[in-house]
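Quick setup: one chain, the form predicted on its own, written in structure tokens, and binding and motion questions come after.
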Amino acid sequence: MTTFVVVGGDAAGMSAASKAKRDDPELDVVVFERGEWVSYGACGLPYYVKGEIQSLEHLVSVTPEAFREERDIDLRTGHEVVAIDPDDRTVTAEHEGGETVQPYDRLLLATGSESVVPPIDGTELEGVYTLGSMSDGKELREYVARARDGDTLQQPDRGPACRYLEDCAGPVGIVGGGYIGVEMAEALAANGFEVNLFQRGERVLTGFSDATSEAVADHLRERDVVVHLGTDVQTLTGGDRVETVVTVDERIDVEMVLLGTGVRPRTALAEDAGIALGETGAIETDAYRETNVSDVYAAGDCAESAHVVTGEPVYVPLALTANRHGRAVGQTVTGKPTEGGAVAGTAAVKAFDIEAARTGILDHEAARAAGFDPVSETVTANSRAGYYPEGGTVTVTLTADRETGRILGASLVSEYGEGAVHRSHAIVAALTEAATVSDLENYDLAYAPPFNTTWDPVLVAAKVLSGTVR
């Protein structure tokens, strides 16, 4: 019997295992997962910590029992793969019962990513957290619970979380102003903590436009988050427990610190087996997700992807990419070669009462390095018909190549529920089809007063930018 072995039981790994078993029920599919959780939505962890999601189990898409009993997948949790032998075609896994050597015919590495711990003193102190796994989320939720005093209180001005979590207060620090930093600032502030957000750069959400980043930072301040921009955290101090965040200019007392400084691919297992890494530091693959070692594939947060605009390798660890590429590998190993597909780096984030999205290439320096002559325009337009009794605005920054008019990327921000995120989907389609500004300007987008204006904000941005490109 042919054996397909998967290392890693989250999005990419379980998508591949499920698709392979569905397409070839006779295939022997073995999955090794070092933890106890599989197929879970890590993106929901900030909302679990906040209290909007009441149980970690709610983040699980499919339980281990369902994979074993309903999908006939040999899922082995609590098994950490410690070695791969491509010559003998085996993997070695350690577990409570000892060690297992498992032969494979085809192998998928879906080892994911890990939180980056910045090179600052004091990160080993008690009270310093990361948020990269279910266990991390559990620890943070428990910290919130321990920090609370008294009975459950109703505080509408603090958001919906206070319906579920008791009142709590106290200064905390978040190092990093990316997705996790912004989302956790909301989660902790909504529970009564005094939140200090430290960002080394001059703006939060550096992959977004200036207009979007400024809107998010301003809104965080409106919700009493202290945003420290251009602030390099030098050290964390305390006895056994963190007590102070020390920057170049000041010392800020805290009771807890969250490190939200990004993630990096888990590649040690691949490197030890002679599997090549790409220029991004993630595992290099071809279009079918196969590595330089025959019959060994890589997908998800441990692997590179091709960018839809440039065709060059990028490292964009996002959930949809992991699911899609895992599914493609599942088809490929069962005899239907399937490309994983390129990515645009499309992402979204919510910060209290606003939402933001980005896609493609926005940074002019990066665009020029890819051979483009970038030009951008930013417009703010109504999200719904002016006479409609509800609505807000959407700010769109659109970037294109000056010479060809080809759209390169966009960043959008609006009040929560006013459509910045969903409007970005039209631009993703334009990027995928290598459309020009003129093409986008003529997209036949839907119109009805409760949803948008006759000229959707995306179309308005395209019209304005079309006057700049050649």
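In case it trips you up, residue 1 is the first one in the sequence shown, and so on. Just so it is clear, the model here is predicted, and its values are computed rather than measured.
The form predicted in complex with another copy of the chain exists for this protein as well; it is not shown, and the discussion that follows is about that form.
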Inset, instruction - Classify Trp37 as contacting or not contacting another copy of the chain in the predicted bound form by the rule of any non-hydrogen atom within 4.5 angstroms, answering yes or no. - result: no
_Residue-level question: is Leu259 within 4.5 Å of another copy of the chain in the predicted bound form, judged on heavy atoms?_
no
Give a yes or no for Gly335: in the predicted bound form, does one of its heavy atoms lie within 4.5 Å of a heavy atom belonging to another copy of the chain?
no
Are any of the heavy atoms in Pro25 no more than 4.5 Å from a heavy atom of another copy of the chain in the predicted bound form?
-> no
TL;DR on 266-274, 109-117, 387-395, 238-246: the one with heavy atoms within 4.5 Å of another copy of the chain in the predicted bound form is 387-395
Leu59, Glu355 and Leu445 each touching another copy of the chain in the predicted bound form (heavy atom, 4.5 Å): yes
In this chain shown alone, the residue from Val343, Ala93, Leu205, Val195 with a heavy atom within 4.5 Å of another copy of the chain in the predicted bound form is Val343
Heavy atom within 4.5 Å of another copy of the chain in the predicted bound form, from candidates His219, His228, Arg327, Arg89, belongs to Arg327
In sequence order, the residues of 30-48 that place a heavy atom within 4.5 Å of another copy of the chain in the predicted bound form are Gly41, Cys43, Gly44, Tyr47
